[in-house]
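Take a look at this single chain in structure tokens; it is the form predicted alone.
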Amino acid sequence: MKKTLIVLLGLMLALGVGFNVLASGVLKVGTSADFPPFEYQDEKTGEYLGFDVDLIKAVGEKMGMEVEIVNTAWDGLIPGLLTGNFDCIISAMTITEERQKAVDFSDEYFDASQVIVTKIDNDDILGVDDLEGKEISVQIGTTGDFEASEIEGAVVKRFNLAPDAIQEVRNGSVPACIIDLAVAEEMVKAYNDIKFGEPITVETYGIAIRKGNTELLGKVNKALGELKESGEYDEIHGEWF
């Protein structure tokens, strides 16, 4: 994966993928719209909804730009950014050292954590130590995936979509799933046969931008700062959490 990202970055530079997004007036935003309440697609209208969607639209408004959402599979987000399919990513993406080797991140915009989801009647799994040697479902390439991969003897079952990882617990195929707290909260509201425990990580989300595009990064950070200072960020947060 590391080699692939380096090759893609080199290809982007070789092809001269430009940083003229500000002049275009349209901010193309990559997201994986399968992660409520952060980003998802309304089944009836096809409209993209969620906290991240509302936030990036507010950022775009501050920048005087129209926002165009580009729905992309999670594991294709960073490669898609590097090859110029979109200008930035907002998709509940945790800022990690590994990802920072490939992309730059905006200032943090959300405090998050991972939790363990189990069936409602499961009293055997209370923490990470209880997952040793067990099967765990995760969304591929997420922080939950990274955490599960570090557990001794665990068998990690990876899915492209977060709801599919949760469903593995509900149908009894695996005893546990590791996923973002806010998503777990949403799923527990929807299904009364699952629960989650205390957070097992502390992390923050950021908006990913191609390395070298300092102008766009500066504009995004400025917009985020203005939204937080004006109270608009709190209003958007309050609508979803």
Ligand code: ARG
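Residue indices: 1-based, along the sequence shown. Note that this is a predicted model, so its numbers are computed, not measured.
In what follows, reference is made to the form predicted together with the ligand, a form of this protein that is not presented.
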{"query": "Interface stretch in the predicted complex with the ligand - options 116-124, 92-100, 78-86, 148-156, non-hydrogen atom within 4.5 Å", "finding": "92-100"}
{"query": "Close approach of residue 186 to the ligand in the predicted complex, 4.5 Å, heavy atom", "finding": "no"}
{"query": "The ligand contact at residue 143 in the predicted complex, heavy atom, 4.5 Å", "finding": "yes"}
{"query": "Partner proximity in the predicted complex: residue 203 to the ligand, non-hydrogen atom cutoff 4.5 Å", "finding": "yes"}
{"query": "The ligand contact at residue 74 in the predicted complex, heavy atom, 4.5 Å", "finding": "yes"}
{"query": "Interface residues of 28-45 toward the ligand, as seen in the predicted complex [heavy atoms, 4.5 Å]", "finding": "32, 34, 35, 39"}
